[in-house]
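Single chain ahead, written as structure tokens, the form predicted alone.
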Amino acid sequence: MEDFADKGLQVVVGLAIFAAIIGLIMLVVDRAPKSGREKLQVAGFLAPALILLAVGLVFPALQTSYISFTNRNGEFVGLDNFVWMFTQPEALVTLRNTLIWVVLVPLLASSIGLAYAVFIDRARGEKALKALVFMPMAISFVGAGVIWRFVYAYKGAEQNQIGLLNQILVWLGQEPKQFLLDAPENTFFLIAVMIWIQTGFAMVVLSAAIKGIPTEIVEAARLDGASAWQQFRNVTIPTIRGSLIVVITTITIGTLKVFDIVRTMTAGQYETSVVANEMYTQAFRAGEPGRGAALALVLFLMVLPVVVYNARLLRKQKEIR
């Protein structure tokens, strides 16, 4: 109880100090000379955000970069952690799995979402059909993992199956299968969960983009005798290209950071680990913070170009508008 009161007091003091600093900044800005007041206002309001960004992002990034060159005792070991990452079979399996995730999830989720958006466009019951596909987006990755563990659940052939897929196999006269244990196909069963979640996001964004296509263009294509496939290939895809790239890159970023699904369903065992999960395992389970930091650094370098490309694309679209 005493410890709880101390922590509560620390929180109150911290908030009071933060409010005092903000108040002081506003006071200084308000009383600044008129000649440089505008610049001082910009600097005054940006300063707290920049300081928090430096403390919460830049400093941890630099610290993580340094730790990636040390061993479990904090001694400098150069590139040993990176050599381990690209030479050990277990680490290579992790990188291979991450690559499979990054290729399959954005491609399949975007393709299925686009096909669904095209087929239900202006169809009867469109809103209800959209809601069915979008609902998984409201579920957390952990919740989705728990749900799909039941779908993949395995019982011996002599027992009643509680997993949907194994019950279907039994109905078809097949032996039940341990979907999450048999490598390498177990990785694909995990990937299916991510696709299930992300398809709703792709469908909503692409459906909105399709509805934004000018009617004149569609009518002109029809008057020229274009078939449905030709309209899709020559009108729909080029017109929604920007939205399609944003969807693919956004899903790619989310896929590179995937952790919850793997952790919840297999904990990275049976050759299903990915970079984010292995980073957690090495840093907090195996007592190898250097290896965990090296994996975090590689993950950051993998995500960074996608984020930069996404930001540049959004800026270009904004300039066009």
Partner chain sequence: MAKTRSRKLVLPAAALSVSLLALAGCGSGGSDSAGGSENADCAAYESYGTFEDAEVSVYSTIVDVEAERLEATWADFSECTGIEVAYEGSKEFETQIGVRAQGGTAPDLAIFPQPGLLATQAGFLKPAPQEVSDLVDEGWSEDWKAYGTVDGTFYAAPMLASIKGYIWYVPATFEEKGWEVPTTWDEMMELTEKIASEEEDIKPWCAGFESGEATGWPGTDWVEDAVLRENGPEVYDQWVTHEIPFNDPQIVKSFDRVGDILKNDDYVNGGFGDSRSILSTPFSEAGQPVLDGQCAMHHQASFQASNWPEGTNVAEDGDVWAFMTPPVDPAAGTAVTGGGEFIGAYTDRPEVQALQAFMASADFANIRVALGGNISANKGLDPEVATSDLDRQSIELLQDPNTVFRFDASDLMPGAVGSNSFWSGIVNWINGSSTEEVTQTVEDSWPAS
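This one's a predicted model, so the numbers in the text were calculated from it and none came from an experiment. Residue numbers count along the first chain shown, from 1.
Another form, the form predicted in complex with the partner chain, is not on view; read the next lines as being about it.
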Picking from 313, 301, 21, 11, the single residue whose non-hydrogen atoms come within 4.5 angstroms of the partner chain in the model of the complex is 11
Checked 87, 140, 174, 159 for heavy atoms within 4.5 Å of the partner chain in the model of the complex; positive is 159
field: Contact test in the model of the complex: residue 243 vs the partner chain, heavy atoms, 4.5 Å
entry: no
Q.
So in the model of the complex, is the partner chain close enough to residue 267 to count as touching (4.5 Å, heavy atoms)?
A. yes
Report whether the minimum heavy atom distance between residue 260 and the partner chain in the model of the complex is within 4.5 Å.
no
Check your understanding: According to a 4.5 angstroms non-hydrogen atom cut-off, is residue 211 in contact with the partner chain in the model of the complex?
Key -> no
Within 4.5 Å of the partner chain in the model of the complex, heavy atom basis, the matching stretch of 292 to 300, 65 to 73, 38 to 46, 250 to 258 is 65 to 73
Near the partner chain in the model of the complex, with a heavy atom at 4.5 Å or closer, the residues from 267 to 291 are 267, 269, 270, 280, 281, 282, 285, 286, 288
